[in-house]
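One chain comes next, on its own, written as structure tokens: the form predicted on its own.
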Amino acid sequence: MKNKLIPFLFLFFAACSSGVTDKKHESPQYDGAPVYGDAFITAIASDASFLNPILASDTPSGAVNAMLFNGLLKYDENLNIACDLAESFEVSQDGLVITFRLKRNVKWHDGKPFTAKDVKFTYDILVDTNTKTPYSSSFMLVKELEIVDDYTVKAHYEQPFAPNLESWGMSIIAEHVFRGTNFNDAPANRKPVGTGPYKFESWQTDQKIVLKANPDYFEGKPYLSKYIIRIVPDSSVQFLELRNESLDSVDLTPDQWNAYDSFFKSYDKYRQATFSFTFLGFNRLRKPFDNKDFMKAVELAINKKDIIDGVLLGTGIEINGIYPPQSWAYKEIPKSEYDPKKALDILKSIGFLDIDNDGYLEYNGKPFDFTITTNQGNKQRELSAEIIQQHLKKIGINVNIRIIEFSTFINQYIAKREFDAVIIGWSTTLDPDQYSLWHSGQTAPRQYNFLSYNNPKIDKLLEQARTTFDMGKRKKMYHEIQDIMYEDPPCIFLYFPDSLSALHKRFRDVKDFPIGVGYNFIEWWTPRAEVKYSFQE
């Protein structure tokens, strides 16, 4: 699952990374002039949910939407805020007004012009309480979105909002496509019309999504004619297809990463640190998961080193907080203590006892077990669940594991809060504002605080930090948030995984930017002699 403002990066590459690349193309790398044609074929483990960036909260949907839509702003290759659909922007001295001047040469995929009306419509949809979106919180702080003329808008804020520029990386949707429809169920949620470098062509559920190059894209037509996303749930099948060269890129599991060089000569591999973390989260609407002592006991019973060494094979780091070391808001927090005896003592103090001496604890005199649910297609999460299951068994807690297809997992279990515990991950943006993840006001269906975490001190600090422009003061607030979460954790943080991926060598002009490989995808091309796929235009 992702927060927004991840530009033209794909599921298999790390957004906003500070990565280390094992092998990379040197640029420029020309075999003659760039030519149009060929296709890029990748695989994801689960199908998309919505090809609508306002509604989509899952990674598969985000990977596709990133090629179909644009925001007013984006991060550039060096991690600086830059223009996208906006030609320029100005922030008033008091930080309460942002003026966006829009590009005039932008067309929607159906040929209609992009104008200020589309920006206003997007804003109105985001703040409409009937819209099932997790992204509304940043826009609720906008007092008014004013249309000055067809190509100028002003966002007026009630109070300063520090992540305001980043929030305008939210993809803009077309007024003429959605006006008069039931937005949450509109046909365009499956047949999107965007402004991005690729246009929608087809979607075969649970099989593949096909996009085609947009000849009218305002930054120039992409050289690669097709962008094809196949749904391949099993990572071992993806790996086999990589060996057969029927895929151009995939995410690699840690074991595949380590075995990689034995098999492939036609691919480069990439390893990059990410702004992503994986966690074990409990549904606090159910008992005893609302008890922070229960959370502490479970964490004490889990040896995270077993997960880092046994699951990630060293391709990631243990975490105990919400920010990775490369974040400016990061504070070093003591690593989790592994102490099963202390864990058992805490559980006994809150009503857990093995009354019938069968090796499993009862809770308040009744049999107790819980289920960890995670998504199909992520072997690391499945293996992590198994390790946690074994660790908790040692202290007498009976744990079940349920593996669910990703879209069902998100839409039926997460959105409806039908779970005891989940193993899942977040990919966050560069700005450390995580209001939407942990604030108690963000617990409605499809909002991101699906764990129902509620800490008034955290709420207040999240509110203050996002209205403070002074980075030093914000940093102190985020450090305090991490201190409080150490005592009252919203979840059990497990690890920051590295992004591990493979990419076919036939693509030219692949560059390893600070933001990550894939940022300049529209410039990738293959020499005529190496074109693998041909299409009738």
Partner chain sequence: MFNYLIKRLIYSIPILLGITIITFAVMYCTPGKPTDMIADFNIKVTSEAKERLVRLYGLDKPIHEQYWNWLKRIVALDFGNSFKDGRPASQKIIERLPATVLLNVLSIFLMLIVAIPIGVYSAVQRYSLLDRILTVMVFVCFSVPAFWIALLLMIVVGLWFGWLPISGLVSFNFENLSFFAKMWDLAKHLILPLVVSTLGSFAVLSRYIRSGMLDALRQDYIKTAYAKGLSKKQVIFNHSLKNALLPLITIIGLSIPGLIGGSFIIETVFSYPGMGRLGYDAIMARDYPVIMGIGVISAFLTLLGNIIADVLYSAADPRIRYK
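Rigid core here is just the name for the largest C-alpha set that superposes within 1.5 Å across the two forms. Remember, it's a predicted structure, so these values are computed and weren't measured experimentally. Positions refer to the first chain, counted from 1.
Form predicted together with the partner chain: not shown, discussed below.
Peer 1: Among the candidate residues 152, 429, 315, 373, which is the single one with a non-hydrogen atom no more than 4.5 Å from the partner chain in the model of the complex?
Peer 2: Exactly one residue meets the criterion: 429.
Peer 1: Could you check which residue among 120, 212, 379, 446 gets a heavy atom within 4.5 Å of the partner chain in the model of the complex?
Peer 2: The option sitting close enough to the partner is 446.
Peer 1: Report whether all of 49, 204 and 208 sit within 4.5 Å of the partner chain in the model of the complex, measuring from non-hydrogen atoms.
Peer 2: Answer is yes for this spot.
Peer 1: Does at least one non-hydrogen atom of residue 299 fall within 4.5 angstroms of the partner chain in the model of the complex?
Peer 2: Output for residue 299 is no: heavy atoms all beyond 4.5 Å of the partner chain.
Peer 1: Does residue 57 reach the partner chain in the model of the complex if we count a contact as any heavy atom within 4.5 Å?
Peer 2: Yes - in the model of the complex, heavy atoms of residue 57 and the partner chain come within 4.5 Å of each other.
Peer 1: In the model of the complex, does residue 408 have a heavy atom within 4.5 Å of the partner chain?
Peer 2: So residue 408 counts as contacting the partner chain.
Peer 1: Just to confirm, residue 77 within 4.5 Å of the partner chain in the model of the complex by heavy atoms?
Peer 2: Although the partner chain is absent here, residue 77 would stay clear of it in the model of the complex, with no heavy atoms inside 4.5 Å.
Peer 1: Which single stretch, out of 331 to 339, 90 to 98, 171 to 179, 184 to 192, brings residue heavy atoms within 4.5 Å of the partner chain in the model of the complex?
Peer 2: It is 184 to 192 that comes within 4.5 Å of the partner.
Peer 1: Hey, which residues along 217 to 252 are within 4.5 angstroms of the partner chain in the model of the complex, non-hydrogen atoms only?
Peer 2: In sequence order, 228, 230, 231, 232, 233, 234, 236, 237, 240, 241, 243, 244 come within 4.5 Å of the partner.
Peer 1: Determine whether the C-alpha of residue 157 shifts by 2 Å or more between the shown form and the other one once the rigid core is superposed.
Peer 2: The answer is no, as the C-alpha of residue 157 shifts between the shown form and the other one by less than 2 Å after core alignment.
Peer 1: Determine, after fitting the two forms on their core, whether residue 405 shows a C-alpha shift of 2 Å or more between the shown form and the other one.
Peer 2: For residue 405, whose C-alpha is compared between the shown form and the other one after core superposition, the shift is 2 Å or more.
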